[in-house]
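The chain below stands alone and is given as structure tokens, in the form predicted alone.
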Amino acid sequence: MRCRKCGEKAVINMRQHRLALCKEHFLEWLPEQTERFIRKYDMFSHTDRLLVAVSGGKDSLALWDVLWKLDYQADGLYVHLGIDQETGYSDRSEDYARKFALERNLKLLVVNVQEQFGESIPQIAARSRRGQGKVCSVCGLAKRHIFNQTAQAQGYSALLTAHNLDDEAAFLLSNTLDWSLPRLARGFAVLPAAPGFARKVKPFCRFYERETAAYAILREIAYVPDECPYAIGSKQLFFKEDLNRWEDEMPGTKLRFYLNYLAALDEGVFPERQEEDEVLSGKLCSRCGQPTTAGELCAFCRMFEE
């Protein structure tokens, strides 16, 4: 197969776009498309200070690299969760993030959950009523809290995550099957800032995971190759596998599913969304200062009172 632009051997064939590209032109195409999405959804500008949530994985490091190439002011934030201390999963992930930042002279902020709060995520989950022993539930709560708190405390214009199209489509399918209207109503590519909450942006939301992975590989970005050990068997991966089967039979299925959903959001098909559940009460946590709906403490701080 030949590159659509130059006729050289293609390294990737994107059937949903009917577009095959060589290495050189693919590494041009993905940043160009990212810039187009940034402008289309009015995500941010070159004068904004951006904070990228990085995990040490391919998607977040690829996003940070693209922003660096496009000359945006983007710092990284890595949250060390203390996961799988026997194999050092979190340690290795942090090493990849640090190496990436050092090579490009970029700023990386690191928050170590165990050092700052006294327990790792698995330790919190093991005795938390909220998580009922489920690490993913506690992990999600902790990351959202730390990302938002850091973005606000450090004065960043927006918090960026590297959710790709596969992530968004799986999230959409899961919540459509559950008919979870509150979740479906806030799946925008951009969530504006609200009292107590930073602006949240997903610049990679229209890229397939294979495209961001190809970018990372072709750019020779070193990243942690393993999935989080607690993600194995998750519902999200189950839905991704099903969507991949549909995509193989009908190229473009995931993209149509997601873009039609965004169009439905714009048309007001779903009930008016709430920015965040906890912002409605106007109360602030007495410990961390973040919004909370009940009592003196927010959901994150309440975990340490159990």
Partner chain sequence: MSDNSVTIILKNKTYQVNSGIPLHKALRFLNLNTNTHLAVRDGMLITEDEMLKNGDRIELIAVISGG
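Numbering follows the first chain given and starts at 1. Small disclaimer: the values here were computed from a predicted structure and weren't measured.
What follows is about the form predicted together with the partner chain, which we do not show.
None of A213, L141, L108, L173 but one reaches within 4.5 angstroms of the partner chain in the predicted bound form through a heavy atom, and that residue is A213. For the candidate set D42, E28, D248, D48, a heavy atom within 4.5 Å of the partner chain in the predicted bound form is found for exactly one residue, namely D248. Every residue in the set K58, A231 and L237 has a non-hydrogen atom no more than 4.5 Å from the partner chain in the predicted bound form.
Heavy atoms within 4.5 Å of the partner chain in the predicted bound form are found in one stretch of 205-213, 152-160, 191-199, 70-78, which is 205-213. Among residues of the shown chain, N244 is one whose heavy atoms approach the partner chain to within 4.5 Å in the predicted bound form.
Among residues of the shown chain, Y223 is one whose heavy atoms approach the partner chain to within 4.5 Å in the predicted bound form.
Of the heavy atoms in M1, some are within 4.5 Å of the partner chain in the predicted bound form. Using a 4.5 angstroms threshold between heavy atoms, C298 stays clear of the partner chain in the predicted bound form. Interface residues of 10-40, taken as those with a heavy atom within 4.5 Å of the partner chain in the predicted bound form (partner not displayed): A10, V11, I12, N13, R15, K23, in sequence order.
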